[in-house]
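There is one chain below, alone, in structure tokens, taken in the form predicted alone.
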């Protein structure tokens, strides 16, 4: 089970202000708080900085690496920004993650060399040149192709993290179920390949979003999801994460759950 901390994202107002003011202390606090709360990777996304994304990505990476030992997930739709962030991550003893590659022909060709060069784990979005899938069948079709291509191109199955692209149930009542069906298929067909998702899209446009996100996390974990992009400082979410992990048998001797209990997470 793997947690990618999502908070360093320039679409968030506090992060936008920190970037504009080059407030390294604010960025460093966000990185350290996520690592302390249990994040295995720190995601860095400055995709809203279209005019200077590569420079901003380098600055963010350098700020975080000054104080935080957690591995980094370099996150951008722009291959140039991915390359800039990966190059700035000088701690080669720390595993890197790239977010993301897709089955779109141009993006796949641009990102694959970076995955190989940096021997990085890679988040692979189930999207192709036809666009974003809606049904489980469409996700499965893309997954078969994308996983097959990545393995054929030398990427180890254990370094692949498939993101089935969660869509809001407010726009389609079956969208949650379609994701769960695809996750079950991938888990059975490709047991070494990981599954990852962001949770917040599932509840977009609805009240009580945090509750829906937490419920969906549990449902997805039961279907085979083994990694999440989330806010690790959300204590209720993390409490459910460790509890669900133990109940599903992913936590030998409940060691992770007991550690979370002793840390006061459930107080």
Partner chain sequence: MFEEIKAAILDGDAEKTMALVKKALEEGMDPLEVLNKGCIPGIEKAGALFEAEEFFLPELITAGEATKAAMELLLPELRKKEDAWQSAGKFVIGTVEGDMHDIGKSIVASMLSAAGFEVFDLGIDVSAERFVEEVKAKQPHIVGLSALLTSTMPKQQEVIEALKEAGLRDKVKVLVGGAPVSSEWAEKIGADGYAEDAVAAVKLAKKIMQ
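Numbering follows the first chain given and starts at 1. Note that the structure is predicted; figures quoted are calculated from it, not measured.
There is also a form predicted together with its partner chain; it is not shown, and the following applies to it.
With its partner chain omitted here, the record of contacts in the model of the complex names 163-171 of 189-197, 147-155, 163-171, 82-90, defined by a heavy atom within 4.5 Å.
Shown alone here, residue 113 lies farther than 4.5 Å from its partner chain in the model of the complex, counting heavy atoms only. For residue 132, a non-hydrogen atom is located within 4.5 Å of its partner chain in the model of the complex, even though that partner is not displayed. The shortest heavy atom separation between residue 50 and its partner chain in the model of the complex is within 4.5 Å. Taking the partner from the other structure, its partner chain in the model of the complex has a heavy atom within 4.5 Å of a heavy atom of residue 104. Proximity to its partner chain in the model of the complex, defined as a heavy atom within 4.5 Å, singles out one entry of 236, 206, 211, 36, which is 206. Although its partner chain is not shown here, in the model of the complex the stretch 1-24 places no heavy atom of any residue within 4.5 Å of it.
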